[in-house]
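Next up: a single chain in structure tokens, the form predicted alone.
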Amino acid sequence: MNVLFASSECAPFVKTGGLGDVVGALPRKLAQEGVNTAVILPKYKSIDEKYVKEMYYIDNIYIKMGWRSQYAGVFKLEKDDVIYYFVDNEFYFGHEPLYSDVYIDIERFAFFDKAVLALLQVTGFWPDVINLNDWQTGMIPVLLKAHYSHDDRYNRIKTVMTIHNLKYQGIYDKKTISDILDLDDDYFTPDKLEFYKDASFLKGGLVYSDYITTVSPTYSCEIMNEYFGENLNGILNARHESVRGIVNGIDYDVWNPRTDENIEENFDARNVVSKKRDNKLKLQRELGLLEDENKFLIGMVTRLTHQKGLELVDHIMDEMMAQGEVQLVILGSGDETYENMLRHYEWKYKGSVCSVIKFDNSLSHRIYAASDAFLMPSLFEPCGLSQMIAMHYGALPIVRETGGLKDTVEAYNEYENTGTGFSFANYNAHEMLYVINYAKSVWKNNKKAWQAMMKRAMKADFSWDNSAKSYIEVYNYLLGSV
């Protein structure tokens, strides 16, 4: 079986969040399971030179984009039994940032989607299945239908659309999309690409792909209703028999506290208590927090967006800090409003709050290793990787019961001594504060229960093994092998 992943991101070459992690890890696990796996992504300017030096040029073609023809070169790199193809075009991918103005992104990923299909004839890698990822690749199944239905090599290809976040949809006006993708009016009807008089890349993927996956079972159910459905719940309900939620995994080669070179003191479940204390003290010193092992250290590593529940944090910050028992470390960047909010609280609670407004992969490892608890109060969360990483590093998650957070974190039960973290149901600041205070109380007054929970959390299996097997089941189903 040949499977091609088409994605705008793939670690370690380029990533801005969970999408890059998933496309970096899942194809490697599929390869280990015997699947011939390849990934195709843009050849961004930001890709580290050490990887660029490992690539070699294959060939080039020209892609029609409206009235223009654009160069599309393809480079190849083989790593960990996976083939990586990089689509080269300086005009579209030779600048920063990774994502920018909506019009620029619409055109550049329209180009990418056309190039993915056209370059199959150059690479010689003919997939049985193309696994698409988010809106940036949503037009690939549309183009298969519109431009390649006469070619048997393309007709046999099945497509899987993986939704990492339904909120981002690639919406722009119909005329522009029709022009650059060479699609006639028949494709721009309410049951196809039309989306409130515009057109949506993601909707195209949902309508024309052979199968749809989401990154957790709970999220696959949530998006069927109006609140979470982002105005696409009608399409998803119509296709509910072809929708499946599969929880993401984490890469234990990267996220392993026993071997992690980014943290001060390595550890495992046997010595987590003492080593976490050492890591906490060293992180406190590094970030200018009061060095005190008796402070309840809460970590957050997150994009600073509305989705991540930062309004709740804002609402209860003063109350949470009032007793002087809690420290909060937040690493991330995003909306300016939230960035300034966190800078304000760092100024107001100097020594107890630290906000690091940037992307810093190395520091994120140290936060996981040092934190007692890890806060994720998301409004919605398709899967989330941070809560799984936190558990593996003995930082007990405090999460809202939504999406993948609900699927992966078992709430603490003090009567049965079970659970791997703490949770609250409603998007409510004081409900969150109550659970934070409850977690702090267990940490402070019931060390035995807390330490037992840490060890359960660290032993929870969030490897890609089960997830990869579920994806293989989907591929086999589409290919008629089961």
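Not measured: the values here are computed from a predicted model. We number the residues from 1 along the sequence you see.
One more form of this protein exists, namely the form predicted together with a small molecule; it is left out here, but the text below deals with it.
A heavy atom within 4.5 Å of the small molecule in the predicted bound form is found for exactly one of 159, 248, 136, 371: 248. Just one of 394, 299, 309, 382 comes within 4.5 Å of the small molecule in the predicted bound form, counting any heavy atom, and that one is 382. Heavy atoms within 4.5 Å of the small molecule in the predicted bound form map, among the stretches 161-169, 91-99, 350-358, 255-263, onto 161-169 alone. Candidate site formed by 24, 28 and 472: none of these residues places a non-hydrogen atom within 4.5 angstroms of the small molecule in the predicted bound form.
Among residues of the shown chain, residue 132 is not one whose heavy atoms approach the small molecule to within 4.5 Å in the predicted bound form.
The small molecule is not shown here, but in the predicted bound form it comes within 4.5 Å of a heavy atom of residue 19. For the chain shown alone, residue 215 is a contact residue for the small molecule in the predicted bound form, at least one non-hydrogen atom being within 4.5 angstroms.
When contacts are judged by a 4.5 Å heavy atom cut-off, residue 303 counts as touching the small molecule in the predicted bound form.
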